[in-house]
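In the block that follows, a single chain appears as structure tokens, in the form predicted alone.
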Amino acid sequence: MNAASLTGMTALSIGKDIKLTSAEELEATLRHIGATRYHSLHPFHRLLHGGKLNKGQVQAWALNRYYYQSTIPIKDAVVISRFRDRATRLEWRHRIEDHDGDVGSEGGIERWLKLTEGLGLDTAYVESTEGILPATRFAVEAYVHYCREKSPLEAIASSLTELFAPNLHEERISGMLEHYDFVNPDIMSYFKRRLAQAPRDAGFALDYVKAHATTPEQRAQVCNALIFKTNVLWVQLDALQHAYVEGNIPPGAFVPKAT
């Protein structure tokens, strides 16, 4: 399977003419999807990591992204509920703990709130999600709905964007620390922790789909699930670009203070 044979992909699927006949072809196609559709390629991320945004625009990104981050454990609880297999539930359960934390231990949501607080946002306002963009809410809720309504295989496959996250986290850490004087290493702790967590989670999910997608139809479902998830991530950045770079903030959404 090579890139030339994947030209029939659409915004929704890999196309009806692509037949993946092995686990190796499945993995190659998944990696092609990530290389061409992951949100690291979005213009907003280039602005964010390149120091081209002002503090208010960075606040808007962190505020909206909080809704996604705080919903991930809810999504993962939905995924767990899809499985009668105890071993799969046990493996997936640590993802909830990674984000929610545990008694006496900090989780990803707390680390994200450390970021928003460090950027000058009121924590109660962030947690209320009252100021997020409508498109952010719709995209995140669509992700939860997808994991609830699609097959368990597709629910797991939709998490495979984590294959491509470590490079993005490294770029974000270095770029934001270099370019913004209001960013320091302490408030970037979420991304540092995910450098270890994401490869572990992605490795399990990739092995799972390669083992359980045994027909061309199932392999297509896996690839289409990843395409769906890249769309969920991409459209959130589209909304941020439209609202906070192009200046089209919808009524009631967060408005940065003038700088």
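Note that the structure is a prediction, hence the values are computed from the model and not measured. Start at 1 and count along the sequence shown; that's the residue number.
Here the subject shifts to the form predicted in complex with a further copy of the same chain, a form of this protein not shown in this document.
From the list 155-163, 73-81, 111-119, 126-134, the contact stretch for a further copy of the same chain in the predicted complex under a 4.5 Å heavy atom rule is 126-134.
Contact annotation for N54: none of its heavy atoms lies within 4.5 Å of a further copy of the same chain in the predicted complex. Contact annotation for V235: at least one heavy atom lies within 4.5 Å of a further copy of the same chain in the predicted complex.
Within this chain, K19 is remote from the site of a further copy of the same chain in the predicted complex, having no heavy atom within 4.5 Å. The closest heavy atom approach of Q69 to a further copy of the same chain in the predicted complex falls outside 4.5 Å. Contact check at 4.5 Å (heavy atoms) against a further copy of the same chain in the predicted complex: all three of A142, Q241 and P250 pass. For the candidate set Y208, Y190, F228, W61, a heavy atom within 4.5 Å of a further copy of the same chain in the predicted complex is found for exactly one residue, namely F228.
Out of the listed residues H94, H179, R148, H169, R148 is the one that sits within 4.5 Å of a further copy of the same chain in the predicted complex by at least one heavy atom.
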